[in-house]
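One chain is shown next in structure tokens, namely the form predicted alone.
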């Protein structure tokens, strides 16, 4: 049976199987530790009965006023554990934490080429709020979709009215 639990420091030595996916953004150890120190409730793992990390989600709460929101920094599931509903379960945890923090919405960024993830997020109720030009660096750079899902505090769903024009990374609040 899969266990969903808070991320621990020692997990950083055991999640390479998840991070080797080419669509997974990887960060330096200090970045993971910063998230673990500042937003530990937003950093969760899915662990197999044998102790293998199957996937994880890392996020935070940020913004001010009606822009107060939960943010998904990274969500990834190892290829051999996909299509089991783990990403959906991890997203539900992050959304629940964001509800408890009285956030207006949850947002995330996804490569425009990552059609599998975009489809999954849409099934979870996310919409494409805007396109962020050249968000991901590479050769060539790649655009991202800023996807959002309104939470219960956003009664009038103002946070999910899509923008009609793309923005640049430096224009993101």
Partner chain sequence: MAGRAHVDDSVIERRLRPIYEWLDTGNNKKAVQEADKVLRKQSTLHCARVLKGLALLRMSRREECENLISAVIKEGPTDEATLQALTICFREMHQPDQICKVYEMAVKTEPSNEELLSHLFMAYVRVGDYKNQQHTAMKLYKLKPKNPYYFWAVMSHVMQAHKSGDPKGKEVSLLLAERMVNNFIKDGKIEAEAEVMTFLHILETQGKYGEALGVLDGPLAEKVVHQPQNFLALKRGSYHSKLSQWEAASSVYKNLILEEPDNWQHYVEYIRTMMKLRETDRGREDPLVAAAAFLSDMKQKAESEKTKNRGPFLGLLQLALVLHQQGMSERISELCGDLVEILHLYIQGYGDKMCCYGDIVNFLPLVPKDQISLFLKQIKELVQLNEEGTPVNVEAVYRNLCWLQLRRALGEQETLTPLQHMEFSDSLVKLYKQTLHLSSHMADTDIRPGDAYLILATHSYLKAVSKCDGATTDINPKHLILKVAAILEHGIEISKANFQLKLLLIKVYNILGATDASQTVYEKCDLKHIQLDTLGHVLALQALDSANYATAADIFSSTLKFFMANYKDTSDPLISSYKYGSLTRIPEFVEFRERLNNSLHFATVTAEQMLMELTSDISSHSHMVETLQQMDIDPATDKTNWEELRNNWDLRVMNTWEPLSRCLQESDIKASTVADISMLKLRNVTLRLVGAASRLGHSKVSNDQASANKENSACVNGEATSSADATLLADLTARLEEEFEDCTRHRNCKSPQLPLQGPDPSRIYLYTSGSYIPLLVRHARVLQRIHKCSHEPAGVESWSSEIIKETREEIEEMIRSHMQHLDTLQTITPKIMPGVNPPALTQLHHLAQTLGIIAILLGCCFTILKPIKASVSKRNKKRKEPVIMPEVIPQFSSYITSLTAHLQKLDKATSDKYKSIKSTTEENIQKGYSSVDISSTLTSHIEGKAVCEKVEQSFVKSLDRLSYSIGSKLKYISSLKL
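Positions refer to the first chain, counted from 1. Bear in mind the structure is a predicted one, so any value in this text is a computation, not a measurement.
Separately, the form predicted together with the partner chain exists; it is not shown, and the next lines address it.
*Asks:* Verify the flagged residues 4, 12 and 20 against the partner chain in the predicted bound form: is each one within 4.5 Å by a non-hydrogen atom?
*Replies:* Yes, the whole candidate spot contacts the partner chain.
*Asks:* Even though the partner chain is not shown here, does residue 144 get within 4.5 Å of it in the predicted bound form, heavy atoms only?
*Replies:* No, no contact at 4.5 Å.
*Asks:* Considering non-hydrogen atoms and a 4.5 Å limit, does the partner chain approach residue 87 in the predicted bound form?
*Replies:* It does not: once the partner chain is placed as it appears in the predicted bound form, residue 87 has no heavy atom within 4.5 Å of it.
*Asks:* In the predicted bound form, does residue 117 have a heavy atom within 4.5 Å of the partner chain?
*Replies:* Outside the cut-off, so no.
*Asks:* Given that the partner is absent here, does residue 152 sit within 4.5 Å of the partner chain in the predicted bound form, heavy atoms only?
*Replies:* No.
*Asks:* Have a look at 144-152, 128-136, 58-66, 34-42 and name the one stretch with heavy atoms inside 4.5 Å of the partner chain in the predicted bound form.
*Replies:* This holds for exactly one stretch, 34-42.
*Asks:* Taking only heavy atoms into account, state which residues of 41-72 are within 4.5 Å of the partner chain in the predicted bound form, ordered by sequence.
*Replies:* Residues within 4.5 Å: 41, 44, 49, 50, 54.
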